[in-house]
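In the block that follows, a single chain appears as structure tokens, in the form predicted on its own.
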Amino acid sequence: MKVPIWVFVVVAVLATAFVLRIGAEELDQSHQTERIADDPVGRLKVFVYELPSKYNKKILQKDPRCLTHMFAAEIFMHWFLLSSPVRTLNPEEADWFYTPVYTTCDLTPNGLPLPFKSPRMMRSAIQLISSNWPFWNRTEGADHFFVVPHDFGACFHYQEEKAIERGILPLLQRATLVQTFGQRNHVCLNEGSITIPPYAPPQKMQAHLIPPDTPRSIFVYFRGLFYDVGNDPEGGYYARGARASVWENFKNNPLFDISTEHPTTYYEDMQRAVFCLCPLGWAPWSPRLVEGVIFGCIPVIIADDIVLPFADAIPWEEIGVFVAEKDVPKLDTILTSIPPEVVLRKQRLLANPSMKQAMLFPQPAQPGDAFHQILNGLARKLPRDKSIHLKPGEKILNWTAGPVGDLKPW
């Protein structure tokens, strides 16, 4: 699919004027983007609970596929903290407590995560730390954080209706949740949660980089499902109908290179595209957001009320395009109406290495990466109000709340 020639002509004419203006425009971003470069070392100390290997190491040994899954942040965050300079071995001086539980590492033969055991596993881990250490009981988890990268975070279900019905695991209501799911005014997002990008394999993407001066000859690009016939046979529920609307309206539009096929040149194609669609699926987020930023393809975010990763540090409004789900039928008009100088500006911001670094969980960790952005988010919550400490004998959480199945031993 080729971009109309007028796009390249107008972009070329405006390029010189754009460069002259960019310095002043970037000043508007300086405060926000400076946060990406914050160094968390020296600003917080984290105590990592040592749990029996059945909660983490043995689970991974059973299924190494978890290391490449889009939920793998929970594993790599654990590994990162074990050798991080923010780690303290003295829990009395800790600002935060971390419990390494791999709740998403339970995959079907096809590699899909099964969240159904996750609540019992998490409850078991919390029961363990509350019995063996005094720190949970002092605050009932208000100074603890957990990485919960499921589709709907600590609601532990991949279907929104059932996730809402379940709600966040009651024992995690006072903890800070680090999760990929983010949607305003949603029961599965607690105030104060830290929204993170899903895991995308850095080395794999690096291996598919093409020369940066390669022309972007694809106007709009998308690869993925439009319908989930197996789980939503009647249609309309999956992606709230947004993906189906993309297909029905634009499958024959020459500006749109969209398909369910996933070619071997997928990463290369994104680097040849101007806009990459990032519609919601079962959840509002997807790895396409990370891929779009890494490959300099302007993300077109179609997910109403989404809370994006590290939104206090990454200027999403400036690097992406937001389209309301109801406006999907007008997508072609919306995108072709964006002035070329605005497209250029977004591409320039996307080319900033710090933007890309903040979206990745590299091994080993690197300054400014997603690990450090999580720590920055935790550090910004300090110092915390001493009222989080409970009075002697005080209890807030209900240990018997939630679905009966969640109360069974793990």
Partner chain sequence: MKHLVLQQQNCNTRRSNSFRTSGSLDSSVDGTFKSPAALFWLVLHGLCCLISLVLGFRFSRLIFFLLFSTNTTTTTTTNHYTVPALLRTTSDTAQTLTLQTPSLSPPISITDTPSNRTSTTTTSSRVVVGRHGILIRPWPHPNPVEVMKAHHIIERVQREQRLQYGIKNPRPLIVVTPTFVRTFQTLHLTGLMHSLMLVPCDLTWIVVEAGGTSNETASLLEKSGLRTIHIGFEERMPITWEARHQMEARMRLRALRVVREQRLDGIVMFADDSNVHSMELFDEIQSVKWIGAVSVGILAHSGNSDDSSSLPQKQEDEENFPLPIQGPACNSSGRLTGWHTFNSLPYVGKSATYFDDRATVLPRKLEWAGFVLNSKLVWKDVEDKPEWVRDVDTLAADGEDLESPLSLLKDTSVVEPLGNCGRKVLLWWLRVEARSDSKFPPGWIIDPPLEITVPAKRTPWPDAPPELPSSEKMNDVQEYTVKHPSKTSRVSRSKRKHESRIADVQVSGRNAEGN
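Because the structure is predicted, anything quoted here is derived from the model rather than measured. Residue numbers count along the first chain shown, from 1.
One more form of this protein, predicted in complex with its partner chain, exists but is not displayed; see below.
Worksheet item: Between the options F310, F146, Y199, F219, which residue brings a heavy atom to within 4.5 Å of its partner chain in the model of the complex?
Response: It is F219 that has a heavy atom within 4.5 Å of the partner.
Discussion item. Can you work out which of E92, E161, E261, E317 has a heavy atom no more than 4.5 Å from its partner chain in the model of the complex?
Written reply: Here the answer is residue option E161.
Worksheet item: Heavy atoms within 4.5 Å of its partner chain in the model of the complex: which of the stretches 344-352, 49-57, 371-379, 62-70 has them?
Response: Result of the contact check: 344-352.
Fill in: Non-hydrogen atom contact Y227 with its partner chain in the model of the complex at 4.5 angstroms
The answer is yes: Y227 has a heavy atom within 4.5 Å of its partner chain.
Worksheet item: Any chance F97 has a heavy atom within 4.5 Å of its partner chain in the model of the complex?
Response: No, F97 sits far enough from its partner chain in the model of the complex that none of its heavy atoms falls within 4.5 Å.
Discussion item. So, D213 and its partner chain: in the model of the complex, are they within 4.5 Å at any heavy atom pair?
Written reply: Yes - in the model of the complex, heavy atoms of D213 and its partner chain come within 4.5 Å of each other.
Worksheet item: Given that the partner is absent here, does R240 sit within 4.5 Å of its partner chain in the model of the complex, heavy atoms only?
Response: Yes, R240 lies within 4.5 Å of its partner chain in the model of the complex.
Item to complete: Taking only heavy atoms into account, state which residues of 287-315 are within 4.5 Å of its partner chain in the model of the complex, ordered by sequence.
Response: Contacts from 287-315: D304, D305.
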